[in-house]
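The chain below stands alone and is given in structure tokens; this is the form predicted on its own.
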């Protein structure tokens, strides 16, 4: 668990943050200038707080009152930066082993997880941007860290390469018992890895917790609404209808078909049975009391309202359709539908409102 209660002031910016995080991955989200990178640098020991404390797994890394300030190289943290920061005169293997003392078995294990074995003898200039970031990630993992800090690790990559790196990050998350703080201004990127968020704005914590809960808070909604607020859903490809240019996806528990739902989505090149990740904007989900006849909308999915919150101009409605989704509708529409917790509802979703976040 990482806990921090820190103050940091500079002429044009101040950070005043208090939080505890024990999730496998905690996403640190906020607009540019919110303090995300500053927070990571303070935890890593690259900058020093003016006051407060930082602890990892109950070990104090910094405490201004007690005079404790553990040097960065002794904090046992792995860092992956926006730039890969590899040594061009070293091979991939040399970069992976730099500053670490692992046995060959651990090197082989990390290289296998990140699929780096064919690249070990290459030089940095022979690698693509995505391969370089995999090497940077592998080097951080081979330092045997207690916590992995990732500061906008995909920001320098184009969309195609970002989509290729996300599966490796998921593999690290699922294979290694290693907590991560993942910084990004791209909410969709974070939500593919975790629904646990620390939301920053102007150097303060706007909210901390489960994404689906946080968006019901006015302070958090103000930060995320126009900065990528969306539903990110894990799905499986059921089948394709090539003539119609569509794929049928299944969402919900894989081993409980009665609880799963099917989505008609744009055609994907992923094979039947493959896992995909899709995105749906909350305002692209309309709600109805029952199935609507003679309408062009392909997806009409039964669900149950599990939470609803009225905001200044709209109503956020959380619906269980096998997985939780959030719809944003007008307060007038919510009143006419008698939206309340426990109400059965039908979600109407156009097929082209479904976007793939995986490489297609």
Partner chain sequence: MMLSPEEWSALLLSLRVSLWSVAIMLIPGIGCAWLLARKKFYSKALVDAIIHLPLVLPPVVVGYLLLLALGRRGWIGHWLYDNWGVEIAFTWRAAAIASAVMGFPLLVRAVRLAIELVDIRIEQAARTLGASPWRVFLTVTLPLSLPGILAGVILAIARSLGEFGATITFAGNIEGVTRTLPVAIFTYTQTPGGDPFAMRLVLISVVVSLAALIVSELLARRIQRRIGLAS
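Positions refer to the first chain, counted from 1. Source: prediction; values computed, not measured.
As for the form predicted in complex with the partner chain, it is not shown, yet the points below apply to it.
Checked against the partner chain in the predicted bound form, the residues 297, 304, 46, 291 give one hit for a heavy atom within 4.5 Å, which is 46.
Interface residue among 85, 238, 170, 122, judged by heavy atoms within 4.5 Å of the partner chain in the predicted bound form: 85. Remark: residue 89 counts among the residues lining the partner chain in the predicted bound form, judged by a heavy atom distance of 4.5 Å or less.
Interface residue remark: residue 143 is counted as part of the site for the partner chain in the predicted bound form, having a heavy atom within 4.5 Å. Heavy atoms of residue 210 never reach within 4.5 Å of the partner chain in the predicted bound form, leaving it off the interface. By the criterion of a heavy atom within 4.5 Å, residue 139 is counted among the residues contacting the partner chain in the predicted bound form.
Only one of 229-237, 71-79, 172-180, 216-224 lies within 4.5 Å of the partner chain in the predicted bound form by heavy atoms, and it is 71-79.
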